[in-house]
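In structure tokens, one chain follows: the form predicted on its own.
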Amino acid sequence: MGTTPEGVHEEAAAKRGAFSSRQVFILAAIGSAVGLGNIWRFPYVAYDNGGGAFVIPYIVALLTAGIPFLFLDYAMGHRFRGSAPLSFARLRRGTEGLGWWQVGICFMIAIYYAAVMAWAVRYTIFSVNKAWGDDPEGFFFGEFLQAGDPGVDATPVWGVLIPLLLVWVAILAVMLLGVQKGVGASSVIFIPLLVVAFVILVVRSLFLPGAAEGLDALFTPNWGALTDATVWAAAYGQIFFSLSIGFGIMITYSSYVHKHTDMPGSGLVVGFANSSFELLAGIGVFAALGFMAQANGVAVGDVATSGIGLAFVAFPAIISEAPAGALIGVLFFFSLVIAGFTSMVSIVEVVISGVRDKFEMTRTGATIAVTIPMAVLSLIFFSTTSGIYVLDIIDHFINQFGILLVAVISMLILSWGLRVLPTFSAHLSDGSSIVVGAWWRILVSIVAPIGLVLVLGLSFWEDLKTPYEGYPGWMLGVFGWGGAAAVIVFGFLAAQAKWRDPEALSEIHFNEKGAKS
């Protein structure tokens, strides 16, 4: 008779690791989705794209692209019970390269993401005595990062190198603990802590003078923006980047969930929890920016910004002037550290899981083989005086032409090339109160690709027309276009390597062959 499908599931879970419950999986997925972008990207994207009116394209994008694509990732990982490369290989051997492309993207993101976490760790401490003084911008780029002109410089910045090393030690420790005791437990602890810390920050910000003006700026609708294609592209881009979809994370995480878990229900919880946190972040950030605008006698639009500028320049300025500013600073940067850490764990797990599956390595062996080279490259490139420039370029290009591109291509291949959506629909609907039917297949095969192609096309045209941030062409070629191309080449070269256990590719056809195994 052989092994039953249920027995194969239990054996695979014991071998690869698994989340102990659906609740742990949901918290881990939320921990991955809620990252730096929720806090420092969404508020400004919303403000800059119609304010209150942006809620309409944002919700449309969530329902027509974000959650449907989340379901697609869940179906891949949950059905084929493997990392991104293994899941694609089990689906069709020729698509394995798509999984390794996603692994390569995660590798690239991890090495620079750790640097931002290291900055946030230092700034949590700086907030206590407002170490940046009267010139937060000069302090950040000068005294702290010691950034010179754009280029590549090997001069180490010890104030970044040491916390960056500590970040990697912490990541290594969590990853060595495994799926449940490391990945799962860190989210169970940190996500409630993040919510509590950020709610306190938001409440404190709402009582600052000028907070109402900041919220007015954020939520006052500009209905005319709804006729602008770039606003809709911004909504689809924001949803896509903030949900951790399309680059292997959710495929990996869903492979660690028990066979009979309600995946669509879990996806809805994760999707709406992520968007709720983004809204909370928007309220907190713009309440604080309203205070800053009033204190300086300018409009909110004059101080509104996003990304690194918001976190490490605008917020320190707010902290310096606000009553109980040190508390606001510690809560804000502590929130960045926690949100970044849970996201970082999920990014690194994609790479470890792929390597483990391919080469039949132990958890400890794969973790060390993956994390140590990541840490070394991270320290070489991002603890130097040129780290900020290399980081900015890689971040832009690997997001736009790595994550977006692999997502569009994989969606089209799964929908139109392999035509697996009906099979995935049945898998997702099994055991769920949500019927994932024709509506989902239409959204994944037609609506979501159109939305993402719009985002990708606009970004591509903009980067061809104007060199990103005015950086030298050679830097954009090497770290930008070159980095985005490198992960594609890596993906399809890695797929040519032989599997240590070729049987791994065929042992998992549970629904079709399990009874015959």
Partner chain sequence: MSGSAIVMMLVAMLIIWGGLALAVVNLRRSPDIPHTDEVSHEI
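Residue numbers count along the first chain shown, from 1. Because the structure is a prediction, the values reported are computed rather than measured.
The same protein also has a form predicted together with its partner chain, omitted here; what follows describes it.
- Message: Considering non-hydrogen atoms and a 4.5 Å limit, which listed residue (V174, A366, L280, A407) is close to its partner chain in the predicted bound form?
- Response: Of the candidates V174, A366, L280, A407, L280 is the one lying within 4.5 Å of its partner chain in the predicted bound form.
- Of these, L454, A486, V55, V478, which has a heavy atom no more than 4.5 Å from its partner chain in the predicted bound form? Spelling it out, the residue with a heavy atom inside the cut-off is V55.
- Item | Close approach of W223 to its partner chain in the predicted bound form, 4.5 Å, heavy atom | Contact check for W223: yes, within 4.5 Å of its partner chain in the predicted bound form.
- Query: Would N399 sit within 4.5 Å of its partner chain in the predicted bound form, counting heavy atoms only?
  - Reply: Residue-level check for N399: no, no contact with its partner chain.
- Query: Do H260 and its partner chain come within 4.5 Å of each other in the predicted bound form, heavy atoms counted?
  - Reply: It does: once its partner chain is placed as it appears in the predicted bound form, H260 has a heavy atom within 4.5 Å of it.
- Can you check whether L428 is within 4.5 Å of its partner chain in the predicted bound form, heavy atom basis? Outside the cut-off, so no.
- Counting only non-hydrogen atoms, which stretch in 459 to 467, 446 to 454, 55 to 63, 31 to 39 is within 4.5 Å of its partner chain in the predicted bound form? Of the stretches listed, the one contacting the partner is 55 to 63.
- Hey, with its partner chain in the predicted bound form, do I26, D216 and S433 all fall inside the 4.5 Å heavy atom range? Yes: I26, D216 and S433 each sit within 4.5 Å of its partner chain in the predicted bound form.
- Counting only heavy atoms, which residues in 264 to 278 are within 4.5 Å of its partner chain in the predicted bound form? Result: G265, S266, L268, V269, F272, A273, S275, S276.
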